[in-house]
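Shown next as structure tokens: one chain only, the form predicted alone.
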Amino acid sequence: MPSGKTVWPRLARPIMLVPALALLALAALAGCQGSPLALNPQSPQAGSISTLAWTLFFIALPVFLLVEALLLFTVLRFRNRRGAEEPPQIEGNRRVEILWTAAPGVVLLIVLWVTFQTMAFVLESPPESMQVQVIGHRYWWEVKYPSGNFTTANEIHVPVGQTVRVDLTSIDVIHSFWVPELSGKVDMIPGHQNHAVFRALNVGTYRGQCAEYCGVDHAYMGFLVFADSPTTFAAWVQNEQQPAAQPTTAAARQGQELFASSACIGCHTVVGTPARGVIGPDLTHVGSRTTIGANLLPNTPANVARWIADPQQVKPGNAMPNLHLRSDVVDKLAAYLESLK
């Protein structure tokens, strides 16, 4: 057997890895600036979830340290020394056995109580909550505002300071609605309605993501939540309730004619036109959105044209086929879509 002098160095090497790995994790988090972070809550509901996470961490930390300290003490104190006789064997201590059985039970009861308290709070929806309906599709988000009687896609606008109830379901497979800075993960199940509740505290833009693997484009199924001032939100609602704007340039007008005479109207809705398709996103005000492709690309004329020309190259696996359009047709369609503010 190795001597006592050689045991500690062998134990020290893996022990020293712990702070190194902790520093590596902190460095990784520091490099995630701009990404949604659940530990940066911007709503009371997200704050409650964050508090629960920290509570569990600080309950688990002393337990982990105590167990590891006892383990190291036992390894070092009772290691096999050269020439030493076998130590006396002892039977179990009933008091100790009862203690180490009861203590985890008490800790778990505390964790259960705190968790139930958090769950009740984050799901509480006051009667005055604003209702938004979100339907998951492969691979985009349909967003409906029943009180305003309009539909949009991939971008959710809410007023700061007002509680919002988001009713969630799916049209195809299980998705999961997650805005880390505003709410917890909630599954979206076909034929069943769940809901998420949050109240944004500050004006800002918060990134959301599908958190349940739903297919090849799961990683590219994102969305944005815009927490607007009440005045800005009211102006946005008023604009969304209007029919599609009429094009003002020659290219956009030609694009409107091409759109109305092509397969586009079979999949998309543009309120105020014959387009009444429901397979793809509502495009009535697509030009005013900040991104396309479910938060995949910035909404620019070049990116819209790139998407129309070959959507499968931009986002492989999405439901829009490549129509093999001429470049001049693509440019006119892009001009029309960008005019839909």
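Each residue number is its position in the shown sequence, starting from 1. Values in this document were obtained by computation on a predicted structure and should not be read as measured data.
Beyond what is shown, the protein has a form predicted in complex with a small molecule; the following relates to that form.
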Picking from Val173, Val203, Ala263, Met119, the single residue whose non-hydrogen atoms come within 4.5 angstroms of the small molecule in the predicted bound form is Ala263
Assert contact residue (the small molecule, in the predicted bound form, non-hydrogen atom within 4.5 Å, options Phe259, Trp236, Phe223, Trp178) equals Phe259
Among 120-128, 241-249, 263-271, 159-167, which stretch has residues with heavy atoms no more than 4.5 Å from the small molecule in the predicted bound form?
263-271
If you check in the predicted bound form, is Leu66 within 4.5 Å of the small molecule, heavy atoms only?
no
Gly280 versus the small molecule, in the predicted bound form: is there a non-hydrogen atom within 4.5 Å?
yes
Touches the small molecule in the predicted bound form: Trp140 (any heavy atom, 4.5 Å)
yes
In the predicted bound form, does Lys315 have a heavy atom within 4.5 Å of the small molecule?
yes
Is it true that Gly136, Val197 and Ala211, all three, sit within 4.5 Å of the small molecule in the predicted bound form, judged by heavy atoms?
no
